[in-house]
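Just one chain follows, in the form predicted on its own, and it is written as structure tokens.
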């Protein structure tokens, strides 16, 4: 039986950023060009109609990975494949609804830019815009208003409508509710779930809020310092976290009756993506470090009896 091709698949995906110091820093201090390895060899996949949650500490490369997947950044190495092809078919919902919309453009203009790119004739754009607004819970009365006239939740709905205007197969939602009031967050998440049920669109949901990811994702990928360290179906990951970093992340979730002693407190600070440690990226903060952890990068290990649960960890490899 032929294996089904996922909607999106990354193969050895890397995105590096290069910064050159100024003349005085080079001449007087001897500083050299710095290479930030924001995404450093990522292999993930997203199925059609699926939401993959992506979690990890700030600065681990989550947003950069999302931008490479939708084509906002070109990969330094590796590939992003959409059903086996290199032509991207994704759009992005940004974190800050106050900064991601042009304040000088009306909603009609904001949506019109995307509809024009999709090739919708001028005479049809108003009808298309009305349909998009109604799909996200707004009305035709909003067409000629400016972003400043909307609440944060309404602005994010406009951002969702803008993404939908291109009829994408994948939407990367980068912290889509973190800038919103708690009362509005559930509305936006329910909107995204409803759109997925209606259109079959897939989501890469980037978030630091584990409760949001737990609620909205089918599977979860955990990222640390440019690399994926664990992937699993959502319930599997939350019930049986297998990487020491994932265990530390989940231990920080407030639980009724839990004591401070149950929280895993990591030692040290996150290493720099400019000069990451050799071997396992997490080895400088891991309580279970072995000699091999500083010598070799871990290979993926499938957790026995837990289909789809994969961890990159020498400790788990030694127990399998």
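Residue numbers count along the first chain shown, from 1. A quick note: this is a predicted structure, and the numbers were derived from the prediction, not measured.
The form predicted together with a small molecule exists for this protein as well; it is not shown, and the discussion that follows is about that form.
Proximity to the small molecule in the predicted bound form, defined as a heavy atom within 4.5 Å, holds among 266, 70, 44, 273 only for 273.
For residue 63, a non-hydrogen atom is located within 4.5 Å of the small molecule in the predicted bound form, even though that partner is not displayed.
Not displayed here, the small molecule is approached by residue 36 to within 4.5 Å at the level of heavy atoms in the predicted bound form. Taking the partner from the other structure, the small molecule in the predicted bound form has no heavy atom within 4.5 Å of any heavy atom of residue 277. The small molecule is not shown here, but in the predicted bound form it comes within 4.5 Å of a heavy atom of residue 59.
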